[in-house]
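In the form predicted on its own, a lone chain appears below as structure tokens.
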């Protein structure tokens, strides 16, 4: 049997452990496996290379993906779609392991419906993919953001400043919520709940009344003022997404204009994506990669591996991409207990 594996969308810590596990498991099963470069673009352009034990030796601790990645959507162009299907046959693939988030897996589901034997591995640093309790990369991102919040506490307190920490989270506030709780943030703002400046100011003033002349505010990049996202640019990518950016600076300016308190912004950005994965993400990625090959072995195509409790299970890719997993109101209400 001959397998292909690709990684699509944004990179995140834990991708290389998935690839390593898929390759090592394929070797154990007696399968040949090839890497497809740069996501769906590589399948459209037939850019591949052989994978073996040497290829994946020493990559478990490395960030990023040795396969490369892109945000290519072959279904934007009928010609590209047909090229991808033709190359699947030309490469004599028996199955394709697709590692990605909502967009990449959405394409995988379309190819599956068009007759290609595909299995999925969930990958989104925002942890917003339905069907799995956690996605790899999330734990690493949370820990990076938490460490930044820890470090900002000391400078904020020393200078009596308001510090606004902007973290990732286009549609879901999981990174902001978890890192904010763990880092002892004084306020956490997420895409699911519109920002109310009155509440922001009240939290800051309440702290001043208690003798706390600094505040740490964590805000997800997709948090909204008056129902609108803050955009870095309006240009859309191939999946119809705009580029977010600037919510931290806008919020800081509004805080400073309203309270007359010195306010600074720290935008963590792609720092959250880079570097080595935590032990949790390395193990989770490994378990996902191994399970994906097992799904191929059993012929369970159109399925995605997922974490449920402590077990690795499989669900339909279609079910995983139907809707995003966002922060529940009860969870956010719990976090409010620690605001201020």
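All values derive from a computational prediction rather than experimental measurement. Residue numbers count along the first chain shown, from 1.
There is another form of this protein, the form predicted in complex with 6-O-phosphono-beta-D-fructofuranose, and it is not shown here; the text below is about that form.
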Options 117-125, 72-80, 86-94, 259-267; stretch whose heavy atom lies within 4.5 Å of 6-O-phosphono-beta-D-fructofuranose in the predicted bound form: 117-125
Non-hydrogen atom contact residue 169 with 6-O-phosphono-beta-D-fructofuranose in the predicted bound form at 4.5 angstroms: yes
Partner proximity in the predicted bound form: residue 273 to 6-O-phosphono-beta-D-fructofuranose, non-hydrogen atom cutoff 4.5 Å: yes
